[in-house]
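A single chain, nothing else alongside it, follows as structure tokens in the form predicted alone.
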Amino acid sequence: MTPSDSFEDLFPAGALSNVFPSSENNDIPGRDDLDTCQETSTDSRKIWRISELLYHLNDTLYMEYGKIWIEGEIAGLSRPASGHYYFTLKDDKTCLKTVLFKNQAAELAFPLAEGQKVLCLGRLNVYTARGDLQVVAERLEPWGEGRLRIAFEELKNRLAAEGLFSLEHKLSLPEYPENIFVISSVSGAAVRDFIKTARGRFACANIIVCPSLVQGEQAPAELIQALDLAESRAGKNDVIVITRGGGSLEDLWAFNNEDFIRRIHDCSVPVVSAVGHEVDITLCDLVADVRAATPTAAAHAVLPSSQEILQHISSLGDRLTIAYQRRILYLRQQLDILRHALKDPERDLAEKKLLLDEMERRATASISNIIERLSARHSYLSRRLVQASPLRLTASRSRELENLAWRLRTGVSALINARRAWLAALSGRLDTVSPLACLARGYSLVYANKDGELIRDAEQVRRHDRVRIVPAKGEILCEVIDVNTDKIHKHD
């Protein structure tokens, strides 16, 4: 690959026009001539050609700054047919032209947008065609995640230099833990996955959940408090498991807190970290005594398999029985050899027989004791497995469901009775204000017979008009004899 082939795709058009001399333009100096200034024979002043000065500035910028991180807001974003990104990085006071070539743009993990605040890794460069200072970007990150990533690497390197991640500080896990303290969010799926796997591997495992926030500003303090509680309650053969589900770097940031990391390092109880998914790496994973990729893997790392233990016990029993049988056979063979070597020593033979019988008795008793202990251990483990059976749990849940159903029926019945009493009270109140109740107390309604209009004032009728009186029961048809509009009736 020639220099022009490798660099033309990385720089704007015309940016390298004066870098590599051509046969048509031999008067442009090469790189070896950049440190040489032209001097006149009559003047001692150092006079720069513009191209030489810009080349020298580029070398100086690269040597002085190298690759640097710059924060800013994207403005004037454009992407022509070449596939390169051109934009300006600005803050509240000034701005700086920036270019991101298509090879680096293809590695972007997020789309660029106008007004977006980013963290840019690049080098300063003077575009020789126009003399503009610009940034040749190599990597862009969103402002929040980028800062977190830099802070993560800085803290990781500093803690590693202090030896917090060294293997010599890591504790080994007990083969058969008595208590397992799980620090996690009680509402998360991680703690449920761990408990489910742990129960499947070793049903009698004693799991103690220490609730804590696993995300947010308050999470590190609660994680430290939960770790303090677990360590204060833990014994010699106990284990602490810290777990949560996956997420972004910001979601898992509580597990990169320096105080929390140092607290894990100082913990006297073995700590297993199962934070995030397999691809997620936190400082909690690095400082913990054991790192598990998932909560399920953490359960496999902490607990043995009860089925494997039973198989191992059964294998030991078989091997022990075979060993004692071989020992008895060997002793009998030795007895036969000694018996043939003796020349009719009846007394010694009797003693040897007694000794043989005693040895057989002791061997048989010893084998029986071992078999009884193994059988008792097997029965004990079988009972523990039966007690942890899902059938017992299902029966318990069924009884709880029946109790809840009875309570529901009782509550609904009580609610219906209360609603009926309330409806009866409302009916009584409605009867109290009903017009029919007023009629029952002696009042009557008077209607004009000609149009059926309710008469509220004596001026609505004239002499000889017919009116209809409606008491509580029946109707009365009357003729008006006289009308007196001055008299007002008052009721006490």
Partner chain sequence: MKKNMKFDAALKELERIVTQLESQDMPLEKAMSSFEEAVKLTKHCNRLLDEAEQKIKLLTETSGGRLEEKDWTD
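Residue numbers count along the first chain shown, from 1. Quantities reported herein were computed from a predicted structural model and do not represent experimental measurements.
There is another form of the same protein, the form predicted together with its partner chain; it is not shown, and what comes next is about it.
Proximity of G247 to its partner chain in the predicted bound form falls outside the 4.5 Å heavy atom cutoff. Contact check for T321: a heavy atom falls within 4.5 Å of its partner chain in the predicted bound form.
A residue is said to contact a partner when one of its heavy atoms sits within 4.5 Å of a partner heavy atom; I207 meets this definition for its partner chain in the predicted bound form. At a distance threshold of 4.5 angstroms between non-hydrogen atoms, R233 is in contact with its partner chain in the predicted bound form. Look at 358 to 366, 168 to 176, 85 to 93, 121 to 129: in the predicted bound form, residues with non-hydrogen atoms within 4.5 angstroms of its partner chain sit in 168 to 176.
Put simply, of I281, I328, V136, A293 only one has a heavy atom within 4.5 Å of its partner chain in the predicted bound form, and it is I328. Of the residues given (A198, V239, L100, V287), A198 alone sits with a heavy atom within 4.5 Å of its partner chain in the predicted bound form. Contacts between 300 to 320 and its partner chain, taken as any heavy atom within 4.5 Å in the predicted bound form, involve L303, I309, L310, H312, I313, L316, R319, L320.
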